[in-house]
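One chain comes next, on its own, written as structure tokens: the form predicted on its own.
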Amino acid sequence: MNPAIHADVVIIGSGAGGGTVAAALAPLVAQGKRVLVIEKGARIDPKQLTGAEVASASLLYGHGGAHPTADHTVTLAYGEALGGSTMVYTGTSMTPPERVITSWNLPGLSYDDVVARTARYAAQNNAGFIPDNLINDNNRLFQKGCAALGREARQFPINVRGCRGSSLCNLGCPNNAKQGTAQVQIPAAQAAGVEVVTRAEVRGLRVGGRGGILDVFVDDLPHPHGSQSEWAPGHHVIHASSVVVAAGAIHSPALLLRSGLAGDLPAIGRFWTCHPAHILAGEHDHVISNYVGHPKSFVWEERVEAERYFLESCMYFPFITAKNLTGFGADHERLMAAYERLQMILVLACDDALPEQRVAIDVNGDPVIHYKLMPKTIEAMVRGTRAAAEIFFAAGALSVHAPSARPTLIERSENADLNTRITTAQFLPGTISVSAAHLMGGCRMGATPRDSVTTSRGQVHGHDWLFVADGSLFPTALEINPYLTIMAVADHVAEAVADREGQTVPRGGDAVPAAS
């Protein structure tokens, strides 16, 4: 075993939550504190991001981007590299709906406070609207179809600098243009003296003195991709005054469960939720620019509150597209042959956070996600599929591939029959490719240890040395892409950690200068 390590603050994870906390607490180093970031994934050189789909997914995603639920009906996508999921998202930077934050009813976390923090991080990460030359035909057709139906497609602010329109956002930006935590917060934290250790997994936490003791295992396998760990291989023990768990909505609850905390905190892992989604494709009679430019520029969300779904323009490369198009043989081959003429839309459902939807662990302590598509969620996805089909046809598509239709290909002449062609009876979980990002819950904030895991400051009930700072804190699904809200909440948690350490830190992302 390697010699014991002592630190003041240890942050587990480097994504939107962990990266934010690392940068926010970086001033503690100048005050004599030792701050460590422990990241399970590798540090990736942009030169290694070639756009090769399978290789890039294996390099950047947990389970290669297809972590299955226990019943294998949904696959879950999350980043596993320095920068976490900010390495593989499209950079959409949105302010959360007021009704959601208000419904959480968390003391000290008002909607105005969250908005102020998201605004600071949006500025810090250079969020803004991409120029017209990077908006491709796929996105313009989404906007055109919405406009023809009297719907408003809202453009996403995107956090990029020097985007060249490679469209590889979900496979890691080869131009280092996306301003995630690996590009902004982590480098700023390291420049201030925060130590970052990659390829290191925390397998357990336990109480030790006034803080916690972490069991950390550094990967000892040779890796052809990504850098080697900064520490020697093998088992390391870290003694820390404060520990911040920011490993994401799957691995944060799994770590707390492995650490034996569920006896006093029965909500650990429960109330887990996400945005289940599937891809629809509309075929046009001409070639469109779809795999160049920014892949996701617009959202239509006017029905999200009442009907629990929203639609985003999207574009995926051939392997993911083929995986998501229902069918086999000649029909599937014909549709893939039309790839350069395909317009794509992503249907996302807003699910409830239910106690039975949960993260558990297996005999090895690895996470198992018990998540089922409930009838309400299936109904929302079917409504979203019909709305997307209307947009495709309004934009000029000749046919639409809809997985909850039988047969799955709907011709333009059948546009008036969408309600009978696309139905919940035909949406059979396990037969339709459903994937989910935007993973949330499992360590929800709340008032009591009976139905929550942490206080509204992210401090684990009954453990004043232990904090959570990622999307697992959300009591309910956010209804939008959660990246900026995770940063805002993590910044709020960082203040609580600094308080425990007897220090103060700049508020709301001010520890890192805003982009000029």
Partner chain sequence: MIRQEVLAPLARQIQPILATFIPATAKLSLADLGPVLARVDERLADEPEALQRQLKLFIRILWWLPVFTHLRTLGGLSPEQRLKMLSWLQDCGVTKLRVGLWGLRTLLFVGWYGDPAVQERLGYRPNIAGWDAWHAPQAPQNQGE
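Numbering follows the first chain given and starts at 1. Quantities reported herein were computed from a predicted structural model and do not represent experimental measurements.
One more form of this protein exists, namely the form predicted together with the partner chain; it is left out here, but the text below deals with it.
Chemist: Examine Glu53 and determine whether its closest non-hydrogen atom to the partner chain in the predicted complex is within 4.5 angstroms.
Modeler: It does: once the partner chain is placed as it appears in the predicted complex, Glu53 has a heavy atom within 4.5 Å of it.
Chemist: Within 4.5 Å, heavy atoms only: does Gly293 come near the partner chain in the predicted complex?
Modeler: Taking the distances in the predicted complex, the answer for Gly293 is yes, it comes within 4.5 Å of the partner chain.
Chemist: Would Gly234 sit within 4.5 Å of the partner chain in the predicted complex, counting heavy atoms only?
Modeler: No, Gly234 stays farther than 4.5 Å from the partner chain in the predicted complex.
Chemist: Taking heavy atoms and a 4.5 Å cut-off, does Phe319 contact the partner chain in the predicted complex?
Modeler: Output for Phe319 is yes: heavy atoms within 4.5 Å of the partner chain.
Chemist: For the chain seen here without its partner, which of 92 to 100, 157 to 165, 353 to 361, 392 to 400 has a heavy atom within 4.5 Å of the partner chain in the predicted complex?
Modeler: Looking at the other structure, the answer is 157 to 165.
Chemist: Can you pick out, from Met336, Val368, Ala148, Ala119, the residue that has a heavy atom within 4.5 Å of the partner chain in the predicted complex?
Modeler: Checked against the cut-off, the match is Met336.
Chemist: Heavy atom within 4.5 Å of the partner chain in the predicted complex: which of Pro187, Pro174, Pro407, Gly128 fits that? Just give me the one.
Modeler: Checking each option against the partner chain in the predicted complex, the one that comes within 4.5 Å is Pro174.
Chemist: Where, within 486 to 505, is there a heavy atom within 4.5 Å of the partner chain in the predicted complex? Residue list please.
Modeler: Result: empty, none.
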